[in-house]
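Presented below, as structure tokens, is a lone chain in the form predicted alone.
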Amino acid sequence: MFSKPLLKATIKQNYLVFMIIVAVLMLYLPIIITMYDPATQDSLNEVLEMMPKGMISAMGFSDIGADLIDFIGSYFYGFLILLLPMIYTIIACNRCIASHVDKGSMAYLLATPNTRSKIARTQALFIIVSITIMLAIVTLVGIVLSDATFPGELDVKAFILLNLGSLLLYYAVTGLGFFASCLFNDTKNSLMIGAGLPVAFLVIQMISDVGEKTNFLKYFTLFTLFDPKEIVSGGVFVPQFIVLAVIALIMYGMGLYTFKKRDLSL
């Protein structure tokens, strides 16, 4: 069903980028957690009020809340979690299929006993598992560090839900990138969709948060389906989670089918 040699080769090809992004996440998350101090929240709010409101809203810092989970949800999940893992997923998705076709190495892969379906399933498995591991690390480190720094302050259930929402969002984003990689024969066109759309979605999301005049733009971005404020406050988020899961299934399914059926320029 999967190719172990190909999976090992894909891990070797991507582990450095994976480790760099994890390292950056592990740099920012502890800093943000240790920045939290109920005694200085008013002072921090005063500092934020001195900065341009549009910029603060675009970065997701307009409402940092009064407790630890609100603080982390605003500072880490409002922007950083949308940007940093996306860098890794764009690279990994492009490398999984389109890069092999573009470089000609796909001909060698297909010359082995591996079928197109087996190759595509293996690459899809790597992307899904690697992003799951990345966010699992974020979840574990966040819980452990919060408990060590501010015992009993973190709403663990809400924090896990934040990471679950992030994971489902990235399943959808990587599904889009995987489909683009399976659809095109060159990395240029693959990146145009697999990287261009997620980046555009993030920019549109930031602009939609600036004010009421641009708020309508939230209906044109996938990132609207992940709302840290709704998750933390216990609002409506389950339907959005389901939609993200469905989008991911459709995109990965379309990618597998497309790569199996289309002509390859080898």
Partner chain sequence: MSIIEINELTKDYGDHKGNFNLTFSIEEGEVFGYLGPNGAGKTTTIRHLMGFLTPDKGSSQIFGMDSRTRSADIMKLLGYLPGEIAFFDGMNGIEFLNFMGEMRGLTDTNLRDKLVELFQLDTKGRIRKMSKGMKQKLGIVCAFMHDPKVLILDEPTSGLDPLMQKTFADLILQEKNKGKTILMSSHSFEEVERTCDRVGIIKQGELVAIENMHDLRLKRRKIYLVAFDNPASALQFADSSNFDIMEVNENIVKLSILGNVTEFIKALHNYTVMDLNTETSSLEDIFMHYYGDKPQSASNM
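Residue numbers count along the first chain shown, from 1. What you see is a predicted model; the values in this text were computed from it and never measured.
Keep in mind that the form predicted in complex with the partner chain is not shown, yet the notes after this line are about it.
- Interface residue among Val156, Leu83, Leu140, Leu110 relative to the partner chain in the predicted bound form, by the heavy atom within 4.5 Å criterion: Leu110.
- Contact annotation: the partner chain lies within 4.5 Å of heavy atoms from the stretch 98-106 in the predicted bound form, the single such stretch among 189-197, 173-181, 98-106, 143-151.
- Among heavy atoms of Arg116, some come within 4.5 Å of the partner chain in the predicted bound form.
- When contacts are judged by a 4.5 Å heavy atom cut-off, Ile20 does not count as touching the partner chain in the predicted bound form.
- Under a 4.5 angstroms non-hydrogen atom cutoff, the partner chain in the predicted bound form has Ala9 among its neighbouring residues.
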